[in-house]
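Take a look at this single chain in structure tokens; it is the form predicted on its own.
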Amino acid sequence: MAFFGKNKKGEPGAAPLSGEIILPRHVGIIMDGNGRWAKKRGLPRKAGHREGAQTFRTITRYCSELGIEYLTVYAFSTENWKRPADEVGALMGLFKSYLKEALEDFKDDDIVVRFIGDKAGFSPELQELMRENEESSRHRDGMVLNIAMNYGSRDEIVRAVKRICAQVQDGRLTDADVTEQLISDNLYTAGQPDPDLIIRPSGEYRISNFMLWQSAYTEFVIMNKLWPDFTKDDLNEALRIYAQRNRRYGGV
């Protein structure tokens, strides 16, 4: 699941990864703590989301530079619709601005952009911007960036089961064909390796409905740092912790 790779120099002032370490192929990040970051500074929550968006850009590019093959970031969950209407509205506005900027920002980056989750929950304008971002990047051959928006892992699994049931009902599959691999092949991340490492900033010890099926043997690193304050140094530290883990996959 992991490979050896030489890592490039970090940001100025950051401690770069040295020599050769085992890098995860697929990293997931639960981008948590924007609201608390803003509250600590007496700012509206939307200010934290704006700052978190800038951190996302920085960390995404750094993961690509390091040679990580897949990055999945948790941007907006199926449960986030329960937040106050003004905060949800501010987030939708931020997503709109970001998606427009991303068409320009990432045009020179060798990053393939994908959106995972129920896109139908968003406005037609946002759906079209997602489509444009995916289409403009699909011929690139660098890191795959999965942006989880209106994503919930339980919902993802239910959708996969329904697709499989439909195929059984119309005779394309039998119950004997239903395997773990078949379920994986019907998830949003079909064709991608399961995440080797999931990082959760903000110090919270929960998975929050993120990649439940895919993370059966994932290594977790919890960091006591709110997402807007998360730096390349913090990512380097998480990667060092991962490299020291002994992954046994249930064996000895």
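Numbering starts at 1 and follows the sequence shown. Not measured: the values here are computed from a predicted model.
If you look for the form predicted together with a small molecule, you will not find it shown, but the lines that follow are about it.
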**Item:** Residue contact check: E69 to the small molecule in the predicted complex, 4.5 Å heavy atom
**Value:** no
**Message:** Quick check on V113: any heavy atom within 4.5 Å of the small molecule in the predicted complex?
**Reply:** no
**Asked** Looking at the partner-bound form in the predicted complex, is E134 within 4.5 Å of the small molecule by any heavy atom?
**Response** no
**Request:** Verify the contact flag for L91: yes if a non-hydrogen atom of it lies within 4.5 Å of a non-hydrogen atom of the small molecule in the predicted complex, no if not.
**Result:** yes
**Message:** I need to confirm a contact call. Of F122, Y98, F106, F76, which residue comes within 4.5 Å of the small molecule in the predicted complex, counting heavy atoms only?
**Reply:** F76
**Prompt:** Which single stretch, out of 191-199, 31-39, 214-222, 59-67, brings residue heavy atoms within 4.5 Å of the small molecule in the predicted complex?
**Reply:** 31-39
